[in-house]
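Just one chain follows, in the form predicted alone, and it is written as structure tokens.
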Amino acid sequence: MSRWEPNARGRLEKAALELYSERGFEQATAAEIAARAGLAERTFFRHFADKREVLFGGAGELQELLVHKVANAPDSLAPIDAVAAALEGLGAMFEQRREFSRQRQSVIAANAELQERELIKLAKLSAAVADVLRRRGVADPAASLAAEAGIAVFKITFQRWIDETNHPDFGQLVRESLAELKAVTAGE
């Protein structure tokens, strides 16, 4: 067992990403992932329902956090600014997993099924954000538009964040992406 990453879930994630990168997502098995992590296959299934969940297991936590942050944004903020403020608040969560995020996106980009799953995850995020905006009193279509635009800002920000190794601040990238969106929609 490795001292630098003592938890089983973390070792399984690391082993899975290594195998997915080396051999491709389709070729890696749960048994191989567990063996590389120094664990039993049963342990893998205690942490993940299947090998895709290594890549998508945090989606529920991400959605919960984003919805909570939008719900608690100041009432004075415009809907898109409330979403952007919530996105900025995700930075701390991502900063601790930057290399994992890079490897994860690389694996997803190489597999059409995983790309589809990622799009479904983003659509669920958008729907959840739209719902919380409606609860804040934002009518449709404004709630849906702000949610969709916010998720577009998130996607662009996230890709920039994993691509730009010298840019440490996720929140700054959110602000820059939102400013670009506002400039585009204002016709500047």
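Only a predicted model underlies this, so the values are computations on that prediction, with no experimental measurement involved. Residues carry their position along the shown sequence, with the first being 1.
Not on display, but discussed next: the form predicted in complex with another copy of the chain.
Across the proposed site, 141, 160 and 180 without exception bring a heavy atom within 4.5 Å of another copy of the chain in the predicted bound form. Listed stretches are 22-30, 41-49, 64-72, 152-160; the contact stretch with another copy of the chain in the predicted bound form is 152-160, by a heavy atom cutoff of 4.5 Å. Of the listed positions (34, 132, 146, 125), a single one reaches within 4.5 angstroms of another copy of the chain by any non-hydrogen atom in the predicted bound form, namely 146. Remark: residue 115 counts among the residues lining another copy of the chain in the predicted bound form, judged by a heavy atom distance of 4.5 Å or less.
Proximity of residue 59 to another copy of the chain in the predicted bound form falls outside the 4.5 Å heavy atom cutoff.
Although the partner is absent here, residue 185 lies within 4.5 Å of another copy of the chain in the predicted bound form, judged by heavy atoms. Using a 4.5 angstroms threshold between heavy atoms, residue 81 counts as touching another copy of the chain in the predicted bound form.
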